[in-house]
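One chain comes next, on its own, written as structure tokens: the form predicted alone.
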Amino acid sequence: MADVVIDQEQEASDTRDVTDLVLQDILAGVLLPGTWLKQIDLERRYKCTRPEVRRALDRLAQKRLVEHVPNRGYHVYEPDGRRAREVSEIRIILETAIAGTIVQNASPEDIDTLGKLAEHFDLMVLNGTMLELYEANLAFHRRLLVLGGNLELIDLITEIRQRTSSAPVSQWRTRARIEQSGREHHMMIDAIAAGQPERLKEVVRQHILQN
């Protein structure tokens, strides 16, 4: 049984490594938008097995950073500028609409939880992989939206975000952009703690636009 656990942990570690290697090359512009991600080429590039490559591509496809086209394989996600702008506009409308509710519902414990999630994001900026940073960002924003008290709205915003590359990961091409996102997380928390919904709305709007 111990051997099975070790093997599973090693497999998970290998998957994370290959996934992050592919993502890093996408972000660095080595793999450009629209590039066909031919699996045999990725095996050779990253010196890994076909199952490892497939798992990495499937994971990136789930996050809308890679696109899987039936009978054509995997391609680097190619963003649609018009769609991205319109999705941002919709997100601003929905996410700022619940700012007052978030401020009203947030308990000291909720604010403390948000602070810890923001600090975890900051830690991932320093020590994490891009995928760990991505997950930390999602965790912070989901917890923020939960305070809005409308679970259907959370699902709707999540679905809307998936109509484009799911995220700021595709925009985080510089350290400055990542650090700005982290600062804005803390600014949101400060606005909530101060009971200032209008200030929260403005920070959320800026955050969505810069992402």
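So that there is no doubt, residue numbering starts at 1 and follows the sequence shown. Rigid core: the largest C-alpha set superposing within 1.5 Å between the two forms. These numbers come from a predicted model, not from an experiment.
The same protein also exists as the form predicted in complex with another copy of the chain; that form is not shown, yet it is the one meant from here on.
**Prompt:** Quick one: which of 138-146, 58-66, 180-188, 34-42 gets within 4.5 Å of another copy of the chain in the model of the complex, going by heavy atoms?
**Reply:** Stretch 58-66 is the one.
**another copy of the chain contact at Arg72 in the model of the complex, heavy atom, 4.5 Å** = Although another copy of the chain is absent here, Arg72 would stay clear of it in the model of the complex, with no heavy atoms inside 4.5 Å.
**Asked** Should Leu151 be classed as touching another copy of the chain in the model of the complex when contacts are defined as heavy atoms within 4.5 Å?
**Response** Yes - in the model of the complex, heavy atoms of Leu151 and another copy of the chain come within 4.5 Å of each other.
**Request:** Verify the contact flag for Leu126: yes if a non-hydrogen atom of it lies within 4.5 Å of a non-hydrogen atom of another copy of the chain in the model of the complex, no if not.
**Result:** Although another copy of the chain is absent here, Leu126 would stay clear of it in the model of the complex, with no heavy atoms inside 4.5 Å.
**4.5 Å heavy atom contact, Leu156 to another copy of the chain in the model of the complex** = It does: once another copy of the chain is placed as it appears in the model of the complex, Leu156 has a heavy atom within 4.5 Å of it.
**Prompt:** Of Glu86, Asp112, Glu119, Glu132, which residue is found within 4.5 angstroms of another copy of the chain in the model of the complex when only non-hydrogen atoms are counted?
**Reply:** None of the others qualify; the residue that does is Glu86.
**Request:** Examine Leu147 after superposing the rigid core and state whether its CA is displaced by 2 Å or more between this form and the one not shown.
**Result:** For Leu147, whose C-alpha is compared between this form and the one not shown after core superposition, the shift is less than 2 Å.
**Prompt:** Taking the rigid core as the reference frame, is the Cα of Gln180 displaced by 2 Å or more between this form and the one not shown?
**Reply:** Gln180: C-alpha displaced by less than 2 Å between this form and the one not shown.
**Prompt:** Out of closer and farther, which fits the Cα atoms of Asp58 and Gly182 in the model of the complex compared with this form, where the change is 3 Å or more?
**Reply:** Their C-alpha distance grows by at least 3 Å in the model of the complex.
**Message:** Arg59 and Asn127: their C-alpha distance differs by 3 angstroms or more in the model of the complex. Do they come closer or move farther apart compared with the shown form?
**Reply:** Pair moves farther apart in the model of the complex.
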